[in-house]
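Here's a solo chain for you in structure tokens, the form predicted on its own.
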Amino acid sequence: MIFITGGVRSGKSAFAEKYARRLGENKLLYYVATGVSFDDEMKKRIVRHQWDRQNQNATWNTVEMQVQIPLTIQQLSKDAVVLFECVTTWLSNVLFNYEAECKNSEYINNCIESLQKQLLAWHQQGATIVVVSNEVLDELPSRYNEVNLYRKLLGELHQWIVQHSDEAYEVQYQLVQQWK
């Protein structure tokens, strides 16, 4: 498992896609897209990411998800490379669903545990997993409890992913720093 983080528009997605393609030569490439086109800015970002992938010398099997991992990719082989883009958007989806639908206090933890189990399952199945996330933890604490909860959960999830990763990278200004 490989973790790649960085600021917004830092070049992390381009680095992750290039790295996954290199790891995925002669393998199946899966792109797990967590973005939801809820406004014009997000629609443009999704279209840009789709265009980027279409113009690469690779064939991506794109799987869209908001919260739950689709059944179609729960079982993978050692011939698979999964690019999970991205943890921050996925966690936003989880919190949005929590606020909008259920308000069940265990919902958030169950979703996080489910993602963790799936990442470990793919790893045990022999698949290569590249997990992308945004670095938003350098900001000052917010006056909004929801923002602080998001940052707390994201920080804990980042730590868990790095602990279980073989490699960890941070990208800033298209410069890549390997931390693990």
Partner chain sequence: MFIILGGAHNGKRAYVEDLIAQLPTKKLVKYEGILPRIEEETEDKRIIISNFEQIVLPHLHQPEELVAQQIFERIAETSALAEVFCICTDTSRGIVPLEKEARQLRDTCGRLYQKLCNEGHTVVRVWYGIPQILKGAHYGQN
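These figures come from a predicted structure and were not determined experimentally. Positions refer to the first chain, counted from 1.
If you look for the form predicted in complex with the partner chain, you will not find it shown, but the lines that follow are about it.
You can rule out all but one of 60-68, 140-148, 114-122, 23-31: in the predicted bound form, only 140-148 has residues with a heavy atom within 4.5 Å of the partner chain.
At the 4.5 Å threshold, heavy atoms of Lys152 reach the partner chain in the predicted bound form.
Interface membership of Glu17, defined by any non-hydrogen atom within 4.5 Å of the partner chain in the predicted bound form, is ruled out.
If you take 5-23 and check each residue for a heavy atom within 4.5 Å of the partner chain in the predicted bound form, you get just Thr5.
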